[in-house]
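Shown next as C-alpha cells: one chain only, the form predicted alone.
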Amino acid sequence: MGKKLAVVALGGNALLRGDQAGTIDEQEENTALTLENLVFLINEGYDLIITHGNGPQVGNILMRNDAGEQMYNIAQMPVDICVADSQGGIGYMIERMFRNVLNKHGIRKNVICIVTQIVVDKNDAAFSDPQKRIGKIYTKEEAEHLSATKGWIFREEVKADGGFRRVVPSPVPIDIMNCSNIRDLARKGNIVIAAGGGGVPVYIDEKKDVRPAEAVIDKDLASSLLASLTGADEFYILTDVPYIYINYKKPDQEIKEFLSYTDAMKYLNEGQFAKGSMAPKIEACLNFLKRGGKMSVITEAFKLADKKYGSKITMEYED
C-alpha cells in the first residue's frame, strides 16, 4: 500500500499569535514549534504538502507600500505582487525552519517552496461586491483621495477608533497552476510548501493569457482545492482551537470530536460557526470530502501530534 498524502494548512497561531508584535524571532519560534508536530506524520509514512496563511504579513507589506510612496515616492505594487512577496518570505521561513527540525530528528528530506498562482473566474460575483479588508486604516479624507486617484474601494471600520479600510474581492478558487508538479514532488518524498496565503489570484483572459487579479483568496478554500487536485487522502487545518465546538463560548458549549459530513453541514447551515473564522474552515473541509477526500481534521497548531486532540470530519462515522 502506498504512502498517504496529507495537505496541512498552517493558520491561526501556527505562525503568529494574537498577543505578539510579529517579530521574525517570534514567527520563527512559532513555526518551529508547529513543524515539530508534523514530524509524527512523516514518521507514520505520510507525504506532505504545506500551505499557510499570510494575513498579518501581507498587511505589513501593504503598509510598507503606503509608507514608501508617501515618504520616498516609491511606486506602489499591486495586491497580487504583495501576496507573492508574502508567499516567498513566509515560504522561505517555513522551509528553513523545517530543514532545521528535520535535521534535529535525523530525517533527510528536501523541502521545496513554490510561489503558487491560483486561478479565479473573472466574472465571480465577488468582483462586484468586494468585502475583504486589507492594509491600514485611513481617515475619511485620505480614503476619499485614494478612491479618487487610485480607484480603490473603502468601507468604514466598526472596530477600534473607526476610520476606513480598503476592500478587495475574495473570489472562489477554481484551479491551481503547477498542481501536477506539486503532487509529483510530494509523491517523490519531498515536502512541498505551496498556495501560501490563498495563492496569487490570477485569471485567464480571452487570449488564454494569465492576468493578475486585484483580490485575495481565502487560504482554507485554496488549501482544500489543492488537497483535492493533488489527490490527498487527508486534509488538516491547524488553527488556534483544539476542537470544533457547537454553542461556542456559551454555557452549553460542546466539543465535537467526530463529525459526519451531514452533521457538519447541518451545523454550518444553522450558523454555529462564525463567518470570519470557523465557518470557512468547515466549508473547506466539507469541500475536500465532497470531492473525494477521506478525512478532514481541525485542531490547534501545537497539538496535532497528540491524537487526543482534534476534530475529525468524514463522510460517515461510527459511534
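Since this is a predicted model, take the numbers as computed values, not measurements. Numbering starts at 1 and follows the sequence shown.
The protein also exists as the form predicted in complex with another copy of the chain; that form is not presented, and the subsequent description refers to it.
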{"item": "In the predicted bound form, segment of 110-118, 234-242, 165-173, 123-131 with a heavy atom within 4.5 Å of another copy of the chain", "value": "110-118"}
{"item": "Heavy atom of residue 256 within 4.5 Å of another copy of the chain in the predicted bound form", "value": "no"}
{"item": "Distance check, residue 81 to another copy of the chain in the predicted bound form, heavy atom within 4.5 Å", "value": "yes"}
{"item": "is_contact(residue 147, another copy of the chain) in the predicted bound form, heavy atom dist at most 4.5 Å", "value": "no"}
{"item": "Contact test in the predicted bound form: residue 216 vs another copy of the chain, heavy atoms, 4.5 Å", "value": "no"}
{"item": "Contact check for 100, 177 and 190 against another copy of the chain in the predicted bound form, heavy atom at 4.5 Å", "value": "yes"}
{"item": "Neighbours of another copy of the chain in the predicted bound form among 53-73 [non-hydrogen atom within 4.5 angstroms]", "value": "60, 61, 63, 64, 65, 66, 67, 68, 70, 71, 72"}
